[in-house]
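Coming up is one lone chain in structure tokens, specifically the form predicted on its own.
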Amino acid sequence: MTTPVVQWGALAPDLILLGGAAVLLLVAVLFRDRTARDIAMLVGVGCFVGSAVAVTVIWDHGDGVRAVLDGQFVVDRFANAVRVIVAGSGLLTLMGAYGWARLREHGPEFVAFLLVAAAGMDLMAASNSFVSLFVSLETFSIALYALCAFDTKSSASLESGLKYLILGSIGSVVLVYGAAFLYGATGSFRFDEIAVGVAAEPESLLALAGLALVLGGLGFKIAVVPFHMWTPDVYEGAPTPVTAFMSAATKAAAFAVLVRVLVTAVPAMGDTWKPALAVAAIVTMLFANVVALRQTNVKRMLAYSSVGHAGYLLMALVSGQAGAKALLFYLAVYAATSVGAFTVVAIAERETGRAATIDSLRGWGFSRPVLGGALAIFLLSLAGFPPTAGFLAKLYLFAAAIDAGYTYLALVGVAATVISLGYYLRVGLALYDRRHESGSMLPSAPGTAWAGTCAALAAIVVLWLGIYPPDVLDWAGQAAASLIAAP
């Protein structure tokens, strides 16, 4: 890895997000109702776009890795790639949330929490120490706890926030214990210094215990079995725009920091954590997809789908640099697909005034042809059908696993994908069930134009990455190479 150079400008994308959140707290005091909402949306969009532009400047005009706060944060192309995914997820989430009734009352607060959560995720992806990791983790987690419970008029939303708070706190405590054990074994919280200590004594029981606890704590955040128990309830109860952001951005940040911990802090223990992650991948892929077959609530079904995709992504962690490249491409594809799918579900909920189920969506593709078509594209991408990006994402992931000698993981992934067709196609067929074709267009819910634009943009991205992915693959390859030295 290139020797880090101290450069505060490396945190510019995160400072833009935090600065926007501070401005919105003032907006919440000075303005009310729709004016406050519209200002908040403009500030939020500007901050996410500004963050992405700042990342581009750093990417194009920088040279080497940048260290901040005595190496607590290390900003490389890997971290910047995650920043782009988080910014894109936040931008699409804001567009999809525009018509949500709660934003008319508390728009600035919602966008401020979203910006703080995004900044925490960005910082977590750049963390090079368990100290900075914990601070970043709690920054975005606390903001998400509030966002999950943001709809105070809904008991389901309040329950979602409470469950996420309790189980998320447990995950954080487990992570802190693991970090303490690794500190006891190596005398440092910094990942690069931990690597030196672990390499000197890779069989240390204290280090092994610390690694197990760290994996368990981060397992809560990436929602792998058996640490997934919060995901279905929280995804179902949280406001759907919040679920959209969580499903995409949280997964990107959590997997990014997991890769950084494994590659930077404990590479000498690869013979221990690689088999453990392989087993977790198998269990997660099969369990989540089988359980999803029984779901009728679409948000809950997509929650189990998210758990299943975490299992696919675990394959990348044991596959070296090719796996890291496939992981970043997969995360970019999944972010667009997941935010788009949940946005369409949110529109359906606003129109019907109730939770979206398979039965409530029957024939919906005829009365809402654009949105129905977009949702069908997202479902096909999640299932891995060409020419959607989901097909190429899984193909590269499976190929990386095979090249790394984990052919059995790729075979299990294919089997899990076949199982997933049972529920993805069930929703798709319900959308175009002619027995429920109304033959007329439904009246639009408030904000449908913005949310529909969000879904359309996400669908275009999914198709574009499925037909012409070279630029994004090159981008992912450069980011992966900055973290993992080429052989």
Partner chain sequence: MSIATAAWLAYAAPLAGCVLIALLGLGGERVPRRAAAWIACLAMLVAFVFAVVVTVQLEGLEETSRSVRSVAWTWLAAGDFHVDNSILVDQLSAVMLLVVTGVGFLIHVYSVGYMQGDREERRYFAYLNLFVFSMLILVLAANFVVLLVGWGMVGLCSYLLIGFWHQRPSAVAAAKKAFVMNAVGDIGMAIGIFMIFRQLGTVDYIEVFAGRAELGADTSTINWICGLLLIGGLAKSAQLPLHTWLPDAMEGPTPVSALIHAATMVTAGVYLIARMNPLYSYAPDIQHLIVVLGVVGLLMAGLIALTQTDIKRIIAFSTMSQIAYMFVGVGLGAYWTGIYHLTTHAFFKALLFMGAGVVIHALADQQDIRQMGGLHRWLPKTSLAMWIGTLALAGIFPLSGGLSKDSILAAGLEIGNGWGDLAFFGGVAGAVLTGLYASRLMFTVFRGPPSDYAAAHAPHHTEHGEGPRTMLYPVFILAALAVVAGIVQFPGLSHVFSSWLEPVVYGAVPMLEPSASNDWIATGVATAAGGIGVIVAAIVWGHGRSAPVSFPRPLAVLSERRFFWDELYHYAFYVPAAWTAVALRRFVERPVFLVVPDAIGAFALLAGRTLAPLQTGLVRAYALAFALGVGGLVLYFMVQAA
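Predicted, not measured: the structure shown is a model, and the values here were computed from it. Residue numbers count along the first chain shown, from 1.
Another form, the form predicted together with its partner chain, is not on view; read the next lines as being about it.
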Open item on the list: in the predicted complex, is there a heavy atom of its partner chain that lies within 4.5 Å of any heavy atom of Ile467, even though the partner is absent here?
Closed with: yes
TODO: Decide whether Arg435 counts as a contact residue for its partner chain in the predicted complex under a heavy atom distance cut-off of 4.5 Å.
DONE: no
Open item on the list: So in the predicted complex, is its partner chain close enough to Gly171 to count as touching (4.5 Å, heavy atoms)?
Closed with: yes
Open item on the list: Just checking whether Leu215 would be counted as a contact of its partner chain in the predicted complex - the rule being heavy atoms within 4.5 angstroms.
Closed with: yes
Open item on the list: Taking a heavy atom within 4.5 Å as contact, would all three of Ile166, Leu205 and Leu211 count as contacting its partner chain in the predicted complex?
Closed with: yes
Open item on the list: Given a 4.5 Å cut-off on heavy atoms, tell me which of 345-353, 191-199, 389-397, 78-86 is the interface stretch with its partner chain in the predicted complex.
Closed with: 389-397
Task: in the predicted complex, the residue from Leu293, Leu411, Val131, Ala156 that sits within 4.5 Å of its partner chain by heavy atoms - done: Leu293
Open item on the list: So its partner chain isn't shown here. In the predicted complex, which residue out of Phe255, Trp364, Phe227, Phe140 has a non-hydrogen atom within 4.5 Å of it?
Closed with: Phe227
- [ ] Select from 270-291 the residues with a non-hydrogen atom within 4.5 Å of its partner chain in the predicted complex and write them out in sequence order.
- [x] Asp271, Thr272, Trp273, Pro275, Ala276, Phe287, Val290, Val291
